[in-house]
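The chain below stands alone, shown as structure tokens; this is the form predicted alone.
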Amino acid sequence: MNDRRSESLQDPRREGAPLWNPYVAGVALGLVLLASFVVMGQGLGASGGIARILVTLLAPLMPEAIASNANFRNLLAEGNPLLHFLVFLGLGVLLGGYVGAMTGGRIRIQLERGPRMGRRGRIAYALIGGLVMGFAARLALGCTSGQALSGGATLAAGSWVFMMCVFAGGYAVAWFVRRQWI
């Protein structure tokens, strides 16, 4: 079998429990976002927590570089960067994802890829995409969860522009990489 998707579809034991209905999942995500605003006074976000973890790890190794970057310097000026809602939110996402996968029977090590994509290529695409997304998230002061979900929920114009640019960029690049997935 050359196609992993076919292999996965032919073996129902690999599929685990059925996935949530996307509309139900969307409503649940909206309720989590509402609870975040009500309880914590701020919306959801992921890249801010990752930036705080990186600043904590890199500050002892590269103090001049951290001090010369206004964004990183501000994170340190607030006190311990790890004692922030976004860091604990990220840890909760990891824990929740693990529990969800475990209860759904989906715990396994695998590399999702299309039939024409090799393992190294898939890992390279993922790393490059992650680096570009992380860099862009710091430029935009938020990632898709912070800008789109939280900013969009507050009707922030910049967040809506951000999302339109995300979709435009996705459609523009999809043409070049589409054959890797079909």
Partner chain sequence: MSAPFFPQNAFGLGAGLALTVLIGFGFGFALERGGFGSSRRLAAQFYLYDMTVFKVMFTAIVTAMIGIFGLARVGWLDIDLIWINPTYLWPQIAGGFLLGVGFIVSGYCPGTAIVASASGKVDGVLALLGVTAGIGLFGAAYGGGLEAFHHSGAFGRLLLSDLIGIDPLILALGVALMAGGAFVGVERLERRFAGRAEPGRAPRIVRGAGIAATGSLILAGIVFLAAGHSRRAADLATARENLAPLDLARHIVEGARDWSIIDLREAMEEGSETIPGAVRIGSAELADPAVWTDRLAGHQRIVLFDGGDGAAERIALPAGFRVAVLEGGFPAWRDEILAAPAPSSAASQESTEERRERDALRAFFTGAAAPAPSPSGPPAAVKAGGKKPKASGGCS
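Residue numbers count along the first chain shown, from 1. Note that the structure is predicted; figures quoted are calculated from it, not measured.
Omitted here: the form predicted together with the partner chain. The next part is about that form.
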* May I ask you to check whether S36 falls inside a 4.5 Å heavy atom distance of the partner chain in the predicted complex? => yes
* Could you tell me if L61 has a non-hydrogen atom within 4.5 Å of the partner chain in the predicted complex? -> no
* Asked: Using heavy atoms and a 4.5 Å limit, would one call L29 a contact residue for the partner chain in the predicted complex?
  -> yes
* Do Q42 and the partner chain share at least one heavy atom pair within 4.5 Å in the predicted complex? -> yes
* Output the sequence-ordered list of residues from 149-168 with at least one heavy atom within 4.5 Å of the partner chain in the predicted complex. => L149, G151, G152, A153, T154, L155, A156, A157, G158, S159, W160, V161, F162, M163, M164, C165, V166, F167, A168
